[in-house]
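Below, in structure tokens: the form predicted on its own, a single chain.
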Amino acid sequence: MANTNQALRKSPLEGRLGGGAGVTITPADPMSRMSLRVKDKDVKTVGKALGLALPTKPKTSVVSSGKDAQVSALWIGPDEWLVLSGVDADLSGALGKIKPVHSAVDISQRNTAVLLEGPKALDLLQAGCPQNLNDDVFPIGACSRTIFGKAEVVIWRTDAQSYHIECWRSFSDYVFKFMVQAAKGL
């Protein structure tokens, strides 16, 4: 019998912690990620295959706890969603059995995420993001592709004082260090 080795998914930010007065900065656990593109007429069918109703309103998200894992879908554009789930989820497998034309690309190894929590989390985000993220225009569940410093990110507000910031792995060191530096000024 041959020996086999399985590659383990590691966060490029593993072991790092940061923060300051009123904010905690931590790397998110590894997860499955998919870039999903679907035409309007097929949104319901594709969403059903994933076990949730894909959000169709700009800057919104949907979270569904399915039988196997929690699945989250973030509206990124008129026909584009970022779908997140547990590390071992086979997101594209569920879509391989449906007829509508769609594009489902596994980006689990391309992206990583940083989690911000605390009463000063919004202040930290505003230090690097030109977008208005105040409660009245960016409520819990809101998400947006934007920039943080000089890196493209997706900001998802998961709770009153919690944010999930997706970025490419290659920019994660920059994003994390920017956040740590901004936290010093809070």
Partner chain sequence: MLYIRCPYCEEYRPELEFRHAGEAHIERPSNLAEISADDMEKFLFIRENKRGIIFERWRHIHGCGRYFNCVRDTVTDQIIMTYKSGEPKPSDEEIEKAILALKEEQTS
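Positions refer to the first chain, counted from 1. Fair warning: this is a prediction, and the values are worked out from it, not measured in the lab.
The next section is about a form of this same protein that is not shown, the form predicted in complex with the partner chain.
The stretch in contact with the partner chain in the predicted complex, judged by heavy atoms within 4.5 Å, is 127 to 135, chosen from 114 to 122, 22 to 30, 127 to 135, 41 to 49. A heavy atom within 4.5 Å of the partner chain in the predicted complex is found for exactly one of Q70, S35, Q161, S144: S144. Contact with the partner chain in the predicted complex, defined as a heavy atom within 4.5 Å, is made by none of D106, R110 and W168. In the predicted complex, the partner chain sits within 4.5 Å of a heavy atom of I76. None of the heavy atoms of P139 is located within 4.5 Å of the partner chain in the predicted complex. Contacts to the partner chain in the predicted complex (heavy atom within 4.5 Å) from stretch 149 to 182: E152 only.
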